[in-house]
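Starting off, we have a lone chain in the form predicted alone, written out as structure tokens.
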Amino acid sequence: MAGYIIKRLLSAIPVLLGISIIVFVIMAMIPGDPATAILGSYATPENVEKLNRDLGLDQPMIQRYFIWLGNMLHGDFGRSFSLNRAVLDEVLERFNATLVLAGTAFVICSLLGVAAGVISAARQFGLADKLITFVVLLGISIPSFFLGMMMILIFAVDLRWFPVSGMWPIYGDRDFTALIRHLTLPAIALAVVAAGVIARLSRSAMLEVLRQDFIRTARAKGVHERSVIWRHALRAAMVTIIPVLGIQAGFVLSGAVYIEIVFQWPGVGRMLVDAILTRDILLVQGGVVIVAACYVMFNIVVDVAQSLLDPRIKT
């Protein structure tokens, strides 16, 4: 197992290196002069030249990339000019808020998706199967940002059950109850589509397992149907379901960008949008690399969990 984990960690290095190259090249190819965009159209040529020199923009792109990469390897992601703060400190602080939102949404979509898929497969062609299939198709068809706006309109504006936006109340205590009230709508809006995908693929995986011989043997031995479904069949199906959960974790993390904009959630997604608008190059590059690294590490954890359920994967 240790050798498999080391191999997966080593395979993540070229992935992260490729991501760093892509994000650096994209930011470098954005039309316009970043220094002029930062200082404004009335900036003098001397000030523009000085800022380009301070940011290292007067050097060749390849040289700038290796300087930036070398600094990152030493833990220096640069300094955000728009916030006048270290990029790493800003991203980590914002990532805590994104982790709360994306983590809650991932737990919701995983539990609901797997449970819906198992129930739908166990009641194939029944009323529960048809109802779950209809709800799943409806959930997959609705974009998360549109669902979020409708939820704000209904549950926050009309019914006033939840706050309209933000992570904490403007006035009052910042306790766990306040966090849950602000978290409910964005987490559900972010989880709906992923839950639908997980439910559909969980149903397919369960149907395939339920046709296998060991399930028929368990039923022939008189094992209770609930145990057959939730203990034997679900455990075997998790080998197929776990990679789906890993993919949807990436979807939830990337979907947090527009959900954070809709609900004004102070996370990494909103930070990246603001940084792009202000041409804060180092903040964008550092934020994307850190988020990508977290996504890669989560996929490694998923692969390790899958290998624990099915040791043949390691070979």
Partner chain sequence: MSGFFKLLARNRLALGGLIVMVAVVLLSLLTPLLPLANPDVIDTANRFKLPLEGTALLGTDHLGRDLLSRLLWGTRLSLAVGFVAAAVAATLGATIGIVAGFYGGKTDNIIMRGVDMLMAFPYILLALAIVAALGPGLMNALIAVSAVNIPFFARNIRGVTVGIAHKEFVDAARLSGMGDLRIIATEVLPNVIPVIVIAISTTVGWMILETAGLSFLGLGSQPPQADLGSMLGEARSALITNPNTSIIPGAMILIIVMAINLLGDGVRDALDPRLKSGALSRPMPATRVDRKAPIPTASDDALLALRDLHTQFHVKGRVYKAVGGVDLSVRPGECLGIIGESGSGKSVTALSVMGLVASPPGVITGGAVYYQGQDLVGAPYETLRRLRGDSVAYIFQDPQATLHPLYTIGDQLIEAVRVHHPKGKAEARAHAIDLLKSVRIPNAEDRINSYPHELSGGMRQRVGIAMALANDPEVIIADEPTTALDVTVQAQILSLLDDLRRERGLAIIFITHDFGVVAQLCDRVAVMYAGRIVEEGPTEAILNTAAHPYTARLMACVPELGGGRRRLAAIPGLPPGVDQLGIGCAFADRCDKVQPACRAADIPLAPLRPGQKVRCIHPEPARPEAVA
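Numbering follows the first chain given and starts at 1. Under this definition, the rigid core comprises the largest set of C-alpha atoms superposing within 1.5 Å between the forms. Here the structure is a predicted model, which means the values were calculated and not measured.
FYI, the form predicted together with the partner chain isn't displayed, but the following is about it.
Only one of L185, V91, A121, V192 comes within 4.5 Å of the partner chain in the predicted complex through a heavy atom, and that residue is A121. When you look in the predicted complex, the only residue of I242, L179, A86, L210 with a non-hydrogen atom within 4.5 Å of the partner chain is L210.
Contact with the partner chain in the predicted complex, defined as a heavy atom within 4.5 Å, is made by all three of R219, A236 and V257. Judged by heavy atoms within 4.5 Å of the partner chain in the predicted complex, the contact stretch among the candidates 103 to 111, 124 to 132, 169 to 177, 75 to 83 is 124 to 132. In the predicted complex, the partner chain stays beyond 4.5 Å of every heavy atom belonging to A305. Residue contact check for I300: none of its heavy atoms lie within 4.5 Å of the partner chain in the predicted complex.
In the predicted complex, A97 stays away from the partner chain, with no heavy atom inside 4.5 Å.
In the predicted complex, the partner chain stays beyond 4.5 Å of every heavy atom belonging to Y65. Although the partner chain is not shown here, in the predicted complex the stretch 217 to 234 places heavy atoms of T217, R219, A220, K221, G222, V223, H224, E225, S227, I229, R231, H232 within 4.5 Å of it, in sequence order.
The Cα position of F251 differs by less than 2 Å between this form and the one not shown after fitting on the rigid core. Remark: with the core as the superposition reference, the CA shift of A12 between this form and the one not shown reaches 2 Å or more. For A293, the Cα coordinates differ by under 2 angstroms between this form and the one not shown after the core has been superposed.
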